[in-house]
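Next up: just one chain, as structure tokens, the form predicted on its own.
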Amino acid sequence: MQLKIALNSAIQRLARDAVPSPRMNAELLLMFTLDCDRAYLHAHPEREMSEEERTRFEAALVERARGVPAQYITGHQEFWGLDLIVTPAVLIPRPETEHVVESVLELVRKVGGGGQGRPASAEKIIDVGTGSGCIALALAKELPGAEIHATDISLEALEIARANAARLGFENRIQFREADLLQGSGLEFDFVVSNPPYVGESEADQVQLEVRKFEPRNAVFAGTTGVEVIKRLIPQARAALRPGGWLVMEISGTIAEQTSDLLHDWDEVSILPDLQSIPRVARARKRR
């Protein structure tokens, strides 16, 4: 079967199965099958697929049609220009989470290296609930002088995060540790950063089926209201931050007001929107 025929057939099939963005998904799975880029795909439409390639492509399409995210099929997701390994043990990194990284970098520039005689980019940062390690790795890339720590309650997630750090050459830049949020850290940080679970069980029917069915539930749902984990994280962050240090968290519009209320006794509290004007990042400064 020629590539153009296989691709067109896959697009029609995924569309019939109501898979979002059928062309993008079909191209992604075909590139994965052939281990090629999009340019190759469209430059060789007459190229014949081998029997093995057809079998692999069929298997990938079957998985995608039943709802398995394409990232779990290919085992990869791009974040902040980094190619990350992902498995069902970790939440798939989203573009929206890059706003958390942007916010931290903005604050680093604003405080000019954190004061107290520290050199620029020498902040001590901890990424709480690191998952794939996407936030910690993006910050390691952008802040070569920073001391970065990362925690997760899941040993499986930490294995993926460590593998990503090793692949990207950051294994000596990030200290990974199993922990429930910040428990047992015993250290003082300039930044506590997190993309915590923030979806309430009451909102479950509003979450995409493939997220509910395939992504790790404890990385998506926080409890009944969606702020249960954040309620625990805020006091732990206060204890772990130096005076004047920053807490930066990803949130959703559903819990923006509640999160702001929980930060009532912090300084410089702000809720920042994403590109769709949805409240996405909560940040606050510990009082000196």
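All figures in this text were calculated on a predicted structure; none of them were measured in a lab. All residue numbers are counted from 1 along the displayed sequence.
What follows is about the form predicted in complex with a small molecule, which we do not show.
**Student:** For the spot marked by Ile11, Asn25 and Glu63, is every residue within 4.5 Å of the small molecule in the model of the complex through some heavy atom?
**Tutor:** Heavy-atom distance to the small molecule in the model of the complex: none of the three under 4.5 Å.
**Student:** Taking 4.5 angstroms as the heavy atom distance cut-off, pick the stretch from 164-172, 179-187, 141-149, 202-210 that is near the small molecule in the model of the complex.
**Tutor:** Checking each option against the 4.5 Å cut-off leaves 179-187.
**Student:** Heavy atom to heavy atom, is Ile126 within 4.5 Å of the small molecule in the model of the complex?
**Tutor:** No, Ile126 stays farther than 4.5 Å from the small molecule in the model of the complex.
**Student:** State yes or no: in the model of the complex, is some non-hydrogen atom of Thr97 no more than 4.5 angstroms from a non-hydrogen atom of the small molecule?
**Tutor:** Yes, Thr97 lies within 4.5 Å of the small molecule in the model of the complex.
**Student:** I'd like to know whether Leu137 contacts the small molecule in the model of the complex, with contact meaning heavy atoms within 4.5 angstroms.
**Tutor:** No, no contact at 4.5 Å.
**Student:** Does any heavy atom of Arg232 come within 4.5 Å of a heavy atom of the small molecule in the model of the complex?
**Tutor:** Judged by the heavy-atom cut-off of 4.5 Å, Arg232 is in contact with the small molecule in the model of the complex.
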